[in-house]
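One chain follows as structure tokens, the form predicted alone.
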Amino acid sequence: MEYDVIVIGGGLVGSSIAYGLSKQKLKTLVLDGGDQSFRASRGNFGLVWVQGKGWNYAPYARWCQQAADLWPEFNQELQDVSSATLDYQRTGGFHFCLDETEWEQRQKMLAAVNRHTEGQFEYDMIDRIRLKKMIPQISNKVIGGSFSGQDGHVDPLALLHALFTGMNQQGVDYLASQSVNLIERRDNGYLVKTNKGMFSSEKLVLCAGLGNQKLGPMVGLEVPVIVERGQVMITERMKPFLEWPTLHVRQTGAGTIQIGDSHEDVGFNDGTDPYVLKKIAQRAVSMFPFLESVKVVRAWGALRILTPDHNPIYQQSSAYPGAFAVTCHSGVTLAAAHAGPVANWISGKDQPSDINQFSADRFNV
């Protein structure tokens, strides 16, 4: 069957883009991996986050700001399409500081984001006294923190489910357990060969995470990626106590407490490590002492997909027109932008103003 676009990769990045393409009536196929594939989309923290992102790269700061601003409308659209509750909230978010060094570093980072966005990014540094009034359960070890009302969070699994429902309703074909072996340029587009068949399309989008490193050269693109493991714990359900998400602790819509934010260089090991989990738990207890007696019900590890400078890659191949690569580690925050401006760009409509700043060519300078 001939498709307008083939999207390789069915995680949050691929499904967001495929959903956006399908809304434009483009016949779209998603080729996804199998159960053993590394799944960052099913192991993340669920933050729709602005503060701190792009502090050292202005285009990324502006891009995250734009994506977060698109999220309220995107959330409503997905709820209407899927009849699912995504538990999306934009109540703002905190980053806590445990000492003066963390406080000073945070101030500098957020001031940089504010400059990069020409004042569009809003934040406040909250001292210990004000913080205690807002969150009475906070420990005295926390000297304060940064707050941005533009931050929020969502149930990432509900988001993925809603995107799949939306794709299905829009007529997207989805095939799992597909291992792409070869991509060939044809006069009218591309032929993709997998372990299960051959598929052709006019355009092609690589959203395969770690797989982009192997697939990119097939269409004349170098897509450098590195991996970093993050481990997460979930506690038993509790009465609501934390209105705002934080970078280390958040209370989900179901009442559970999600604890995480480790950064580990362990290759392709996406398992768990008791020593690291202990350190994660200790930091959470240092912020909220009562968590010491709360039961943990499950824990997992997942691999973050990063570029060498941690900023996204959006690029169309100059040698293979119509072939695109998309790589990022902020699939939740950027989902609304992927379903909107990025899908429009791939389809041939308006090009986002900063998109050329995310070319992988920057690594060859």
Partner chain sequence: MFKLIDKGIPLTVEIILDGKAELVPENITVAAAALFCGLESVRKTPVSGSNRLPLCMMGVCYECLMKINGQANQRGCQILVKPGMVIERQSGAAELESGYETEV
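Keep in mind that what you see is a predicted model, and the values were worked out from it rather than measured. Residue numbers count along the first chain shown, from 1.
The following text describes the form predicted together with its partner chain, which does not appear among the structures shown.
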| said: I need to confirm a contact call. Of 80, 124, 228, 236, which residue comes within 4.5 Å of its partner chain in the predicted bound form, counting heavy atoms only? | reply: 236
| Which listed residue (282, 188, 101, 140) meets the criterion of a heavy atom within 4.5 Å of its partner chain in the predicted bound form? | 140
| Interface membership of residue 161, its partner chain in the predicted bound form, 4.5 Å heavy atom rule | no
| request: Give a yes/no on whether residue 289 approaches its partner chain to within 4.5 Å in the predicted bound form, heavy atoms considered. | output: yes
| message | Test of understanding: in the predicted bound form, would residue 195 fall inside 4.5 Å of its partner chain by heavy atoms? | response | no
| query | Does any heavy atom of residue 128 come within 4.5 Å of a heavy atom of its partner chain in the predicted bound form? | reply | yes
| message | Can you confirm whether 157, 310 and 355, the three residues that make up this candidate site, all sit within 4.5 Å of its partner chain in the predicted bound form, judged by heavy atoms? | response | no
| Pick from 289-297, 270-278, 213-221, 68-76: which stretch has non-hydrogen atoms within 4.5 Å of its partner chain in the predicted bound form? | 289-297
| said: Under the 4.5 Å heavy atom criterion, name the residues of 250-271 that approach its partner chain in the predicted bound form, in sequence order. | reply: 254
